[in-house]
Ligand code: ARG
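Okay, here we've got a single chain as structure tokens, the form predicted on its own, with questions on binding and movement later.
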């Protein structure tokens, strides 16, 4: 009896093991697929940084463009162009550029634009493009307080100091002649005014803003100014390479904005202590810096 029970147990155990083996060899159900996660929305691409344009300026023409005690280029031109660039959607980097080579630097692409008290003239328009005017200027004569000079024609036979290549240079050359030896040319207007102070010339002819600023800030020089209706009105503009309509458009957009919102008036008053005069009509063909 015991042997039969043992056989039955072994058969049952064998059947159970076989069943387990068959179950193990059966088809396996694949694991459940992971739940799909919602992808985060793609972030908008960062806006491209504003392009930085290289600006040429002869930083020896206070109060428009000059270097402070730290060597930084400052003045009305710098304040104005920084504001114009912000409104126009671009950035600027100022590089001190001697007046004698400033237009070549623009033409060769070493500078993208120029702001250096540059008078808009028909002659210059042939080789570069100008923004809308931003400053009305005219020539002014600086002389010693004791001088008898009262009009431009009085300078015909006198020693006159001018900055090379400027409107002052051009008008005095027309007055005295191209071969005149009484015209003394300097790299900057302040140097010409220093020569007047030292007695090396009888008068200096230069743009009104520069002369007025120098006389006001150098009372010890004992200068006075003489105006003359013979001097044609002039207007300063920002110059770009001929045909650069994209940059010119951004400049004019920014210039219009700073004139409209009072920024220009604030910069002018900071520089000269007075409100800017009413804008004059564009000069048809004034002559330079």
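What you are looking at is a predicted structure, and each value in this text was computed from that prediction instead of being measured. Residue numbers count along the first chain shown, from 1.
The same protein also has a form predicted together with this ligand, omitted here; what follows describes it.
Of the heavy atoms in residue 159, none are within 4.5 Å of this ligand in the model of the complex. Although the partner is absent here, residue 223 is not a contact residue: none of its heavy atoms lies within 4.5 angstroms of this ligand in the model of the complex. In the model of the complex, at least one heavy atom of residue 124 sits within 4.5 Å of a heavy atom of this ligand.
At a distance threshold of 4.5 angstroms between non-hydrogen atoms, residue 61 is in contact with this ligand in the model of the complex. Note on the interface: of 83-91, 147-155, 104-112, 165-173, the segment with non-hydrogen atoms within 4.5 angstroms of this ligand in the model of the complex is 165-173. Applying a 4.5 Å heavy atom cutoff to this ligand in the model of the complex picks out 116, 117, 118, 119, 124 from 105-133, in order along the sequence.
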